[in-house]
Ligand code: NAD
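Take a look at this one chain, the form predicted alone, written out in structure tokens.
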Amino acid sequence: MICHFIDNNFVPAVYGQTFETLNPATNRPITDVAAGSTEDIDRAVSAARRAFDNGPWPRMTAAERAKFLHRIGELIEGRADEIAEVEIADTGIPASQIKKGAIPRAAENFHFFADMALEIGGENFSAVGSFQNYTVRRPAGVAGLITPWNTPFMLETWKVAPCLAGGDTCVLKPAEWSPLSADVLAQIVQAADLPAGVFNIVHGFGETAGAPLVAHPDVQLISFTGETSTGQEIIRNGAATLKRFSMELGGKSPTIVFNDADLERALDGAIWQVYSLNGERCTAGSRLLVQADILTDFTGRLADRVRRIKVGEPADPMTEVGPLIHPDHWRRVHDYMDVARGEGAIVEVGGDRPSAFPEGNYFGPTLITGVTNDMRVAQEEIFGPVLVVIPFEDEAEAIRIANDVHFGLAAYVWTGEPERGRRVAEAIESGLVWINSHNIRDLRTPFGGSKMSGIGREGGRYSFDFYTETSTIHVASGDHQIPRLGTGGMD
């Protein structure tokens, strides 16, 4: 059984409740997991609060904390194969994409933020009159970290590493559909010998574990990655205690292909960006905007490639698309096929369970054509291996269609004209834009969305803007005049 991790100990739920986590390839139970409640959250937050108020962690130098973080990164590297196997079984993401991408990136997150913490400091302002002013950063408090079920281990480390590097303590609430790799992270933190209470985990459901974490008065920060509607509810729940929020929410990101692009590379990028990770990717380029004069040729080549994507068991190194995370999510993705047909679109490829996989949550890579941007399948996040194709005539229309959506997380522009690439990229209402590339991350740069895709930025120094408080110190260097009250007159 998977337990909570509180105050450096693995403990069951206060009331003994558990839930099953399923293998997406079979929907058979893997193991039982402790189901957290308000009481479990209270225990974890109390441990984190004690560690913050009385423990050594916030009072260490950045260099001292960095040694612990590098140790965690090294332990992740040492257990990379084991973590990958756990992640594959719990999420259904193909082995090649977990082993070559998500797990190495998880270790890199700890190494990167350990080093970054040494570079982040305050600012000095040149003396004005008789004052010298400067700023210092200090740990902000207890953070609630709520993570999604897609690539959970990597996304957990993306939050935990800068949180700890900044001197905060935390309570992590992993997604209930993929809780297993968080337990390995707890084992690694325990082995790294962090002070008790610095890092805690409470498993469970959003309503019974996530909500009390968000509302808890001893939690100052909430970092959440997930669905937009859930993010809205989290902000409402945390408003009473004026929490600081970092929200990375949904997306319906455009991939724009102009007729002068390197079409083979654009094809590779468009396919990877929506069908990798089983389509369960927040930055998926799920709307493909293609210039009208290349639409027929490009879509034909695209359909041929999509038909040949290898669906298979996630542990198979040749598999390119595995099963979706959960039966409920499979039904949600499948329902959108009826929505598409009802709106007059054409499900050109896929759209259902592949016949070779009668069990589990397998959903064939899907291509939908005949789409206009006002359709639900063009406006709503499906979060599966589903790509919709929308034609455009010219640059102005491409920008208009790209921006005509409530989301604004990522965008991808493919063109052979550098100036147009920059012009279009800067006109798109999105937190992230890649020109002639799929999603390649530079951890120094800010990550986050605009519009309904989120609030705030994390990555590089931007993570420390969230996880630390800035205090301004004003130092008087002379006998400047101070107005005097109560002396019988103003000087």
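Don't overthink the numbering: it's just position in the shown sequence, from 1. Quick caveat, the model's predicted, so the values are computed rather than measured.
We do not show the form predicted together with this ligand, though everything after this point is about it.
Contact check at 4.5 Å (heavy atoms) against this ligand in the model of the complex: none of V321, A345 and G364 pass. At the 4.5 Å threshold, heavy atoms of G421 stay clear of this ligand in the model of the complex, well away from it.
For the chain shown alone, G226 is a contact residue for this ligand in the model of the complex, at least one non-hydrogen atom being within 4.5 angstroms.
Not displayed here, this ligand is approached by A175 to within 4.5 Å at the level of heavy atoms in the model of the complex. Proximity of P254 to this ligand in the model of the complex falls outside the 4.5 Å heavy atom cutoff. Between 184-192, 80-88, 145-153, 238-246, the stretch whose residues reach within 4.5 angstroms of this ligand in the model of the complex through a non-hydrogen atom is 145-153. Exactly one listed residue, out of I234, V306, V386, A340, brings a non-hydrogen atom to within 4.5 Å of this ligand in the model of the complex: I234. Only one of V333, V214, L277, A270 lies close to this ligand in the model of the complex, with a heavy atom inside 4.5 Å, and it is V214. Taking this ligand as it sits in the model of the complex, the stretch 403-431 comes within 4.5 angstroms of it through a non-hydrogen atom at just one residue, L409.
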